[in-house]
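The form predicted on its own is given below as one chain in structure tokens.
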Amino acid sequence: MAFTDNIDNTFAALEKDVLTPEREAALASFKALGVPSGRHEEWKYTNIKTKLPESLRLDDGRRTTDDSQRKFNSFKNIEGTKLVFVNGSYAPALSAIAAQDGVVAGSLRALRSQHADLIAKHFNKATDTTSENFAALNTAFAQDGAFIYIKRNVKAAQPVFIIHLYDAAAADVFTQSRNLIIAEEGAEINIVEDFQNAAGEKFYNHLAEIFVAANAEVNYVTLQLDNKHTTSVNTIDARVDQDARYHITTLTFEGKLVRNNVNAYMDGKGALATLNGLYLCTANNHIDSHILVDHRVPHCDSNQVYKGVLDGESTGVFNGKIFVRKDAQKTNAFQSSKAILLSDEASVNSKPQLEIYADDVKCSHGAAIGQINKNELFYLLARGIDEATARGILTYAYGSSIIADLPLEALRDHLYDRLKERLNITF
């Protein structure tokens, strides 16, 4: 691949800073690991190596764009900070930062010198670049992304939206972007991240590191609603400290090939993590949800609920793992994976996993793959509803439960409408 052939030259052109030693180590890791193929156990059902074209290239992260004519339509009616990135680079002309005491939000590149010590302390401390191929690549090359810092005991009154836009300038670029989110002790915030690709094939590798300190709460929603032609790897690594609460919801409504790595590391007693997701596949889409909850200490709770809807010749993957270490007694961990197949050609590979080394725990998992309930469908048909609408109503009811738990009413309403639009139903 072109981007691996020229990787040393591209790296040499990057801007040097305090994080350069971390980047050099990550580059060495990626060169040793390479791009995974289907022979790699963690990529068994998603052979991304065959989906990245030979012409793909990395860049030095210094691209500039004319933002004056660009527009985005999401979240216009929801108050809060809007951080917009175009092809991985911060777009100040499109962004709007709402002043909130105790909340710092902006471009990671722009704020890197102002918060150098804080960033150096946390950057690359939540992720594993020694064994994760694309985390290593991202750490080496990502130059920009969102930096959000919530100070101690601050309850953010408004959410922060991170919007990624991709256009023709990124046509042959493997875009690398990075978020660093730090919630100090007792802090609370709602964060929504949205990826939008209007048209044309795009490729991106995104990584977010989230630190939830003791007694803090972070609600994180990641959206992939407009990614019809996108091949992407999206990794979210969170460290959850004592009595902290971390909630992440992943909604993927389309994507040529999407790999979502969602990892939560339970570092403090009394920590809680909920990881929910809804993915919709159609045509030849392939969506892979790779989930890990690592229980490292006693008295922690985690819940995973993932739902899929697949049509056409699409494929889905759910690989969810609960890992309970020897000292993590009194762990409560629950996992559920369900999928509905709307066509005979659609398929799902489901691999729920429990790896438990403690003996005083409550852990369970369940996986189910099926079709729309025929009795429920008959009930609606008997009341004069046409079959297409009836199927849409039942599918909406099945999927909307994931949206129902989100904390922002305006966001829920927006996503309910997008789900109806995606399912071609009006009511």
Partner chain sequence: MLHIKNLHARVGDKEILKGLTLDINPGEVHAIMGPNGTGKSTLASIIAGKADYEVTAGEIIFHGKNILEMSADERAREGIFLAFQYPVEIPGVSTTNFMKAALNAKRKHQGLEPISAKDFLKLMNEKRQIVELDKSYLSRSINEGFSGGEKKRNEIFQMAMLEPLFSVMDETDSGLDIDALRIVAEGVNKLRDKDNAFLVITHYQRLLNYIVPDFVHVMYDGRIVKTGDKNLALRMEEKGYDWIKEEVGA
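Numbering follows the first chain given and starts at 1. Note that the structure is predicted; figures quoted are calculated from it, not measured.
Just so you know, the form predicted in complex with the partner chain exists too; it's not on screen, but the next bit is about it.
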| query | finding |
| --- | --- |
| Heavy atom of Gly370 within 4.5 Å of the partner chain in the predicted complex | no |
| 4.5 Å heavy atom contact, Leu380 and the partner chain in the predicted complex | yes |
| Ser55: touches the partner chain in the predicted complex, heavy atom cutoff 4.5 angstroms | no |
| Contact label in the predicted complex: Gly384 to the partner chain, heavy atom within 4.5 Å | yes |
| Proximity to the partner chain in the predicted complex, single hit among Ile48, Leu33, Ile402, Ile393 (heavy atom within 4.5 Å) | Ile393 |
| Among 357 to 365, 371 to 379, 25 to 33, 40 to 48, the region lying within 4.5 Å of the partner chain in the predicted complex by heavy atom distance | 371 to 379 |
| Residues in 410 to 427 with any heavy atom within 4.5 Å of the partner chain in the predicted complex | Phe427 |
